[in-house]
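What follows is a single chain, given as structure tokens, in the form predicted on its own.
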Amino acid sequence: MASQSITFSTIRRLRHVTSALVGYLLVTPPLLVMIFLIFLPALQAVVRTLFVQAQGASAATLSLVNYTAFFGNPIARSNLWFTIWVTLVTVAILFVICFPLAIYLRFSSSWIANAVQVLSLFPLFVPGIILAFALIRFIGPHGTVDTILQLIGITRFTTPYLKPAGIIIGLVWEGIPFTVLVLTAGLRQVDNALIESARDVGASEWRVFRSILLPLVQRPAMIVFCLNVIGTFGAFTLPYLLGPAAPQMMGVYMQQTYGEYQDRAGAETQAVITFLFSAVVGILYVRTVTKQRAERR
């Protein structure tokens, strides 16, 4: 009996070690991709912008000259604040539009809800560049909106094309599918029995929303917030095609600095600043996800 128990214990230990090795082997390829395509280039960019070789010097020395040049440039500061402003406004509008949609899709099972869900997911299958040109034809000068308004006698339409509003419209339209999906999934985790119990004791719809749905959906909302902020802050195609010439979002500003002005150090500095901003939001996202997993365990 003792030998059998030792054998069973050894077998369990071997299974545990084997499953752990298989798990590590499955995780290794994406981890290597992240290291060599994301973290290593980012680290190299940080080092190159911090260690500058002065003219006539034999070695590079630690210097903040690239960052002082960026924050000392009024155009660069304006583009950074403009990017932050567009990001926050876009994310706020996404929540205003998508949160009621998610609640409706969570509690409705009618054919109208199915149609709404299909429409909300439709932008997911439209490439960004096609979306940009479609919006130009729709809201641009002499576009669909302008033509319809002129037919009914409204001639003072001001197009949002090549204005900050054009960027926001495009980014909101592009971000609706992901936001609705995550918020709806978070709301579906709320047990119906919990909601019915609250209604049985006389809780109003507003009280159910404020005391049950809102607290339980905070984590999915935080995940949506973080990922939308990162995606919007680093957007390029829609701001490039729909936005104004000045101020510019950071993605467009980097491309112009590197492509038109051939200023590699300046573009790399802008990339590092963008990466650091996204990394701060990314840390918040990782903490939210890890906390959720710890609570499930």
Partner chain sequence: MKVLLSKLSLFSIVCTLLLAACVMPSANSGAAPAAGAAQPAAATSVINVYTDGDTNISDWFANIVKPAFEKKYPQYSVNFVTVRGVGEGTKTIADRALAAMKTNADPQAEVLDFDALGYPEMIEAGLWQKLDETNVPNAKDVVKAARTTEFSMAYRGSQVLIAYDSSKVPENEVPKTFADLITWIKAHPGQFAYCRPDKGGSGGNFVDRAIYEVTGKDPTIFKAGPVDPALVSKFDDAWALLRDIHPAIYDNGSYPAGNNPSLQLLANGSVSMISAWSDQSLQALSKGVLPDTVKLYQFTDLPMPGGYAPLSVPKNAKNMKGALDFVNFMLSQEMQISVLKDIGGFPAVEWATLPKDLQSQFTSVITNQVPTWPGGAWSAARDKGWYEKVATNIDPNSK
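Positions refer to the first chain, counted from 1. No experiment lies behind these values; they were computed from the predicted model shown.
Here the subject shifts to the form predicted in complex with its partner chain, a form of this protein not shown in this document.
- Contact check for F133: a heavy atom falls within 4.5 Å of its partner chain in the predicted bound form.
- Although the partner is absent here, Y261 is a contact residue: one of its heavy atoms lies within 4.5 angstroms of its partner chain in the predicted bound form.
- Shown alone here, G153 lies farther than 4.5 Å from its partner chain in the predicted bound form, counting heavy atoms only.
- Although the partner is absent here, P127 sits close enough that one of its heavy atoms falls within 4.5 Å of its partner chain in the predicted bound form.
- Comment: 248-256 is the region of 248-256, 29-37, 59-67, 224-232 lying near its partner chain in the predicted bound form, near meaning a non-hydrogen atom within 4.5 Å.
- Proximity to its partner chain in the predicted bound form, taken as a non-hydrogen atom within 4.5 angstroms, holds for one residue of R207, R188, R199, R137, which is R137.
- Along 18-50, not one residue places a heavy atom within 4.5 Å of its partner chain in the predicted bound form.
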